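A single chain comes next, written as C-alpha cells; it is the form predicted alone.
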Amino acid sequence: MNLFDIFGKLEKVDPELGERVSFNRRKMFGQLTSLAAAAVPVATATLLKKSYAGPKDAITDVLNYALTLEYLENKFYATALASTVIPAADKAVFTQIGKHEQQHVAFLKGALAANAAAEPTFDFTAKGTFKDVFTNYQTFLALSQAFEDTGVRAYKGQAGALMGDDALLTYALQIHAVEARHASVVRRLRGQKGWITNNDGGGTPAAIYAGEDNVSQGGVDITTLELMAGTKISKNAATEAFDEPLSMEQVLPVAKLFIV
C-alpha cells in the first residue's frame, strides 16, 4: 500500500483532511512512487502531524506512552535477532515481527516529531530475573509473550483517550490489531492457545494478566447465558471471548521492570 492509498483512507475518516493539508494527490503520488515501503509510516505520520496542528498534551502523553512500549519491543527483537537465541525454524517469524515494531516506532516518532520521547535504556534481564533471555529460547518466548500481550491490552486501554481524534484512533487500532496477531503467534509457539484463558499468563508476570478473569460484559455475567437449553457458557469460554484493557497505571510498573 502506498501513501496515496493511505491518504484516501484517512479522507474517508475525516473529509476535511484534504483541505487542511492542501494535498495534490497526483503530484504527491508521483513524488512518492520511489519510496520504499519502510518509509511509508514516517511519511504518513508527517501528514498527520501537519494536518492536526500539533497534538494536545493528553494525546502527546498517550502517543509517547505507546512509543515507549514500541521502543521496548523493537529493541527486544533487534537484540534477539542479533543473537543466536532464536532457532532457524522460527527466525522468519521474529524477523517479520521485528520489522513491524520498527515501523510502529517510525510512525509514532513521525507523528510526535519534536515531542517524541527519547528511547530509554533497556535491561531485558530485569536486573537478573531473566538473565538467560538471549541464550534460552523458552525464556525469550515467555518475555515475547509478556510484551505482546501487554501491548495489546495497553493500546486497548488508551482507546478512549483518542476518541477525539478519529485518524489517530484508527491508526492506534491498526497497531493494536497487529500486536494481537503477534501475541497469538508467540503464544502458539509456546504451546498455548492463541488467546488468554482466565488470567493464566503461562509463567509470565501475573500483573500483565490482571483482570483477564472478568466474566461480566456490559453489566451481564456471560456465564449466566445459555448457549442452548440447559447449557451455559463456561468461565473459560467467557474469558477467552473478551480481552480486557490495561490502564497506563497498570502497564507502567511492568514496563519499568525492563527500563534502566
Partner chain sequence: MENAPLQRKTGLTGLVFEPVKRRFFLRMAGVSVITSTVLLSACNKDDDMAPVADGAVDLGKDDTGILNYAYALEQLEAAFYTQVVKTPYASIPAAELQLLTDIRDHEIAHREFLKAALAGAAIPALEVDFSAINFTDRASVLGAAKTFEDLGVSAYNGAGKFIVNKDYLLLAGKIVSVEARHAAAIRDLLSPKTADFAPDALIDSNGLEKVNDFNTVLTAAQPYIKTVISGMNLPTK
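Computed from a predicted structure; not experimentally measured. Residue numbers count along the first chain shown, from 1.
Unshown form predicted together with the partner chain; subsequent notes refer to it.
- Among heavy atoms of Ala206, none comes within 4.5 Å of the partner chain in the model of the complex.
- In the model of the complex, at least one heavy atom of Gln103 sits within 4.5 Å of the partner chain.
- Residue contact with the partner chain in the model of the complex: Lys131 places no heavy atom within 4.5 Å of it.
- For the chain shown alone, Arg188 is a contact residue for the partner chain in the model of the complex, at least one non-hydrogen atom being within 4.5 angstroms.
- Among the residues Ala126, Val85, Leu112, Leu173, the one placing a heavy atom within 4.5 Å of the partner chain in the model of the complex is Leu173.
- Although the partner chain is not shown here, in the model of the complex the stretch 198 to 216 places heavy atoms of just one residue, Asn214, within 4.5 Å of it.
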